[in-house]
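This document opens with one chain alone, in structure tokens, the form predicted alone.
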């Protein structure tokens, strides 16, 4: 491991790998990535890997739209020999009642204004796309055909190999113990494998972002909680798009291999770093999918697991630096959606770090937006 680096990135998930790649692509040298476990061991390797542009806030829409544009060409851009398995067959978002339907119309209007090709569907149109929906549970829907699903392991691997070819050094199974500072500036990162002198640290630690911030003396208004997912046996293709319902608290996608992957949140889940898997989740998920997608309810469950959502107060990411500590940058608080926003996370943060004009305004992503004021926009389109 190097004893000195120009940039140290803490976190070896897709955000950390994207940031490292983008820094290197823009000419930065001497970049080191540190992770306390293996690549994708955190939220990246435990996520549902859906990619959607149908959001209720402008920033999430823009970040997702530009990220999808990258994903569409990622294999070629990153010169990856494997398959990132980008299945671009859309997201079907179910409205269960009139109130949801009215809000979704507003969301689609915003999305269309930003160039996202989403549209409002009647119940009958939704059933044409996914015939096995229970019509009694559907009021109407929205659909965007360019939304989709990726393989989180191969997508991150693509970033990793592209970054390595550009000279980035990765150190896995290396735990950060302290971030040393002097006179409001970073001086070093101390790990269980040694110390790295540096003036720039990027906190891309996912579920442990708050703790990494604390090591640097930076208070981050984020917290982590467990989010559970299950996967079924593989079957012949029967569903193209991801089906998602906020009122039913479910997202459900058939992967290219035929298995269905589905997850749900739990508002009563306590703040913690636990990634356990519970029978309560299986019970609630089974009940929900049998009600909304009864044909899928007939399938056998193969396995289930937990992972961490790193939540911010407005359910939008924190991407940027901080006035409290020079050289400290962060990409956290994605509230369960860091994977799908990783391309723009890496690009914007690398531009900011290198003193370039960001590709889009970043004020609404800053840590300072939470200081002594009501939040302008809170993202409600979250499962």
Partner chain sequence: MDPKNVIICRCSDVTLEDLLELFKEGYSTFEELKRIKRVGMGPCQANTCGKMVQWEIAKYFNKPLEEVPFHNMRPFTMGVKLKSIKEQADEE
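Positions refer to the first chain, counted from 1. Quantities reported herein were computed from a predicted structural model and do not represent experimental measurements.
One more form of this protein exists, namely the form predicted in complex with its partner chain; it is left out here, but the text below deals with it.
This chain lacks the partner; the member of 195, 210, 75, 161 within 4.5 angstroms of its partner chain in the model of the complex by a non-hydrogen atom is 161. Interface residue among 146, 190, 277, 96 relative to its partner chain in the model of the complex, by the heavy atom within 4.5 Å criterion: 277. Its partner chain in the model of the complex comes within 4.5 Å of no heavy atom belonging to residue 235. By the criterion of a heavy atom within 4.5 Å, residue 305 is counted among the residues contacting its partner chain in the model of the complex. Its partner chain in the model of the complex is not approached by residue 315, whose heavy atoms all lie more than 4.5 angstroms from it. Although the partner is absent here, residue 102 is not a contact residue: none of its heavy atoms lies within 4.5 angstroms of its partner chain in the model of the complex. You can rule out all but one of 120-128, 201-209, 152-160, 214-222: in the model of the complex, only 152-160 has residues with a heavy atom within 4.5 Å of its partner chain. Contact residues in stretch 270-289 (any heavy atom within 4.5 Å of its partner chain, taken in the model of the complex) are 277, 282, 283, 286, 287, 289.
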